[in-house]
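First comes one chain, alone, set out as structure tokens in the form predicted alone.
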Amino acid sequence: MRIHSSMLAVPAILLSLGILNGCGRKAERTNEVVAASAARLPLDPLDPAWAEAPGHVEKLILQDLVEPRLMKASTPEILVEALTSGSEIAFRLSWPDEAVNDLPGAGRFLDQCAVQIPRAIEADAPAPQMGEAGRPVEISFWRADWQASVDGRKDNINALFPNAAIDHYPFEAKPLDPGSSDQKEMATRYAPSQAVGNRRVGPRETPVEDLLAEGPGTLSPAPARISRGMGVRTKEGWAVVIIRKLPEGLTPRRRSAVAFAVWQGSEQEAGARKMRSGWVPLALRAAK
């Protein structure tokens, strides 16, 4: 699918929310995602430096192509702003969401978002549905529960299930010295997911993970971490910054493409059940 910026006009009707105007933000709007040059890339979504970033409002569409499909619209639009340092690129995504969904567990659904970029810049981008065989895409994925963990929420029953009652844990028995090898071994025994290396549960150092895909159903962990991020609640919903290395070959004279996805936990969205965009042209603004 060849990308033409004329196919990606800014929606005529914008959300009547503060996230599309910001607090004292410049009103510059673009019909593609344009990364402005910056001396530093702010990780905090509320950093004043984001006032220098042009904004692109992208209308999201239903994921109605593969199971589990999403047939009811939830998040109508997303505001995307971008900055670049020359070696990295930072995206700030903001969207409306009335409820906070950041507790993991059976029967619970999480607020999440993702940025997707083709691994290689080509005249014809791969399918926006997570790439194609032999034409991979790189995905930076953020989750609200990971953010809560990074922000300091404890990874224990009391924090995740406030109404649970606990008598004791064997690894907290007095004969075991806190921090001893025996105590750590016993604690691991009662944390089986961590014991087998499940990196999607437990305490987190970052709320973002890097993934690769070559089409629906092929999602896998990336061999190395290239992204970092931070999400915060706003009056209207979420604002999330994702910083990753600059895509190879992306220059002020050579465009790439980018796509976005949003999951609202309150709408029971998970996995393929999400709101998404098609490819949006991604450009770098030459430094002045």
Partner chain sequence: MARVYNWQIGREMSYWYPGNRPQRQFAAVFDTNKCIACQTCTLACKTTWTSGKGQEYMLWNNVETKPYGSYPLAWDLNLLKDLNGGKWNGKTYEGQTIFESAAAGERVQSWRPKTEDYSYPNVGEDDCAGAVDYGMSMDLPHMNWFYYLARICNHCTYPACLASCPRGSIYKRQEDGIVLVDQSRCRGYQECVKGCPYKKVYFNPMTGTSEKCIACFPKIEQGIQPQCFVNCIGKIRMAGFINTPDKAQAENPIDYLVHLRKIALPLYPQFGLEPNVYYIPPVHVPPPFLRQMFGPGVDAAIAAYRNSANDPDLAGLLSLFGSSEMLMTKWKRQGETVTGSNDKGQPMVSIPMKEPVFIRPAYDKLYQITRTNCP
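All of these numbers come straight from a predicted model, not from anything done at the bench. For the two forms, the rigid core is made up of the largest set of C-alpha atoms that agree within 1.5 Å on superposition. Numbering follows the first chain given and starts at 1.
Not pictured, yet referred to below: the form predicted together with its partner chain.
- Of the listed positions (L46, V66, L62, I226), a single one reaches within 4.5 angstroms of its partner chain by any non-hydrogen atom in the predicted bound form, namely V66.
- Taking L211, A127, L176, V150 one by one, only a single residue has any non-hydrogen atom within 4.5 Å of its partner chain in the predicted bound form, and it is L211.
- Look at 118-126, 76-84, 158-166, 91-99: in the predicted bound form, residues with non-hydrogen atoms within 4.5 angstroms of its partner chain sit in 158-166.
- Proximity of Q268 to its partner chain in the predicted bound form: non-hydrogen atoms within 4.5 Å are present.
- In the predicted bound form, its partner chain sits within 4.5 Å of a heavy atom belonging to L219.
- Its partner chain is not shown here, and in the predicted bound form it never comes within 4.5 Å of any heavy atom of K184.
- Its partner chain is not drawn, but in the predicted bound form it has a heavy atom within 4.5 Å of V201.
- By the 4.5 Å heavy atom rule, the three marked residues G134, E236 and R276 all fail to count as contacting its partner chain in the predicted bound form.
- Interface residues of 185-199, taken as those with a heavy atom within 4.5 Å of its partner chain in the predicted bound form (partner not displayed): Y190, A191, P192, S193, V196, N198, in sequence order.
- Relative to the superposed rigid core, the position of the CA of G86 differs between the shown form and the other one by less than 2 Å.
- For F171, a C-alpha deviation of 2 angstroms or more is recorded between the shown form and the other one after rigid-core alignment.
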